[in-house]
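Heads up, the chain below is alone and in the form predicted on its own; it's given as structure tokens.
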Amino acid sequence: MICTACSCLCDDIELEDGKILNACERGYKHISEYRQNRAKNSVNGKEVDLDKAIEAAAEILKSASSPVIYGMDTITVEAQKLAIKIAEKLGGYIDDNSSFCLGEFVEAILKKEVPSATLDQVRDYAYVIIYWGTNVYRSLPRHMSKYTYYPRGAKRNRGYDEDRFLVVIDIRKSEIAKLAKKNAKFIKVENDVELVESFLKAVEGKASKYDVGGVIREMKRADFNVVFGGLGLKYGLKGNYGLFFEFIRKMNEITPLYFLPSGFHSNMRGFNETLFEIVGAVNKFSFSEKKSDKAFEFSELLRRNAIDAALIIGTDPVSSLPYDVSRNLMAVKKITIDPKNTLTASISEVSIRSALSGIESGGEMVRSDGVRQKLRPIEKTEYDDVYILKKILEGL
């Protein structure tokens, strides 16, 4: 089966005699505990059958003057398309976690502002591997062992101790930074913008604050290098994405350097690509105003009390957003579609139990590198996200 615990979407998980093979600890827990803490179909705290919950959800959305659809990063592409259709029919807002996660990075790749690659290409060809502002030991446990530093690839067949050069850039010595010993370098960053500027100056042969000349010399030795950027990089840039992308382009004038985002939910890339194909934006979009804007980000809508209904799918904003933002959800009519009984589901006017993508339902998801994967569930239920969203759409 394909594990949907993170955006690696590992495709080599095996179930044998009740054992889960090849999964990391996160994936093992995701698969082995899927029957636990399941949501129930309810309306105003009272358990009801699925049809009544769907009917109540449609009524809330129909009566709303300013609805938002939010989440969708853990459901299939097929379900995401239906959620987008609901937002369009309502003339409402639509957003996902990528608006405060790595959406800007995915958008730059989709707009071809920076060169990117697949994880399989990284495994086979990458020499210098830079993890910038991300600790995949925590967020993507098999990233290094399956795709980057450790595996022997088609061209890099002598292993990490001879055929890879690891660079870790972070504000602290994380677990993966502790690996930066032989054929490796750890750069403790205090200011990401200054570090980007240091790289740009070093390319031009100028002195700079950070010692990055050695990293550039290593990159010049190869015809395939890669940067994985995480949340630390995003927030460290303080909005200066253009400067970072300029660094990637400048490096490509002297040696091939590719860029990939690192660390997000299982199908966040799928939502970004699906919305981009339809409206030309990856998140925070208003169908009434027909544009994407910072003001249409879910957290911003809550801060301004700009919405009166929210369809929340496969995410838990009460747990993930700051309290001063999430508390404003109390004034909003909430519909939660989720396999699990989350905090958000527990305070929602309508809660609808859905299937776990990849375990109880099939469909398509998009890996963090843009590679599409067909899910192979271990059991199937009729009442998955596609079924539920289709019924809601019919009821509008």
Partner chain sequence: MPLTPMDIYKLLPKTNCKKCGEQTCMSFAFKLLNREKKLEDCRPLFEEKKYEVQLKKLKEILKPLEKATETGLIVNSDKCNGCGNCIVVCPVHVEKDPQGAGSGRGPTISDPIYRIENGKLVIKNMHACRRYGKSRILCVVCRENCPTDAISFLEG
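Numbering follows the first chain given and starts at 1. What you see is a predicted model, and the numbers here were worked out from it, not measured in a lab.
Beyond what is shown, the protein has a form predicted in complex with its partner chain; the following relates to that form.
A.B. asks: Answer with yes or no whether Ala23 is in contact with its partner chain in the predicted bound form, where contact means some heavy atom within 4.5 Å.
C.D. replies: Ala23: contacts its partner chain in the predicted bound form.
A.B. asks: Give a yes or no for Lys19: in the predicted bound form, does one of its heavy atoms lie within 4.5 Å of a heavy atom belonging to its partner chain?
C.D. replies: Close contact exists here: in the predicted bound form, Lys19 approaches its partner chain to within 4.5 Å, heavy atoms only.
A.B. asks: How about Arg123 - does it come within 4.5 Å of its partner chain in the predicted bound form, if we only consider non-hydrogen atoms?
C.D. replies: Contact with its partner chain, yes.
A.B. asks: Under a 4.5 Å heavy atom criterion, is Lys181 part of the interface with its partner chain in the predicted bound form?
C.D. replies: Contact with its partner chain, yes.
A.B. asks: Of the residues Gly213, Pro141, Gly91, Pro115, which one places a heavy atom within 4.5 Å of its partner chain in the predicted bound form?
C.D. replies: It is Pro141.
A.B. asks: Report the residue, out of Ser145, Ser288, Ser319, Asn305, that has at least one non-hydrogen atom within 4.5 angstroms of its partner chain in the predicted bound form.
C.D. replies: In short, Ser145.
A.B. asks: Among 310 to 318, 229 to 237, 170 to 178, 100 to 108, mark the stretch whose residues have heavy atoms within 4.5 Å of its partner chain in the predicted bound form.
C.D. replies: Only one stretch qualifies here: 170 to 178.
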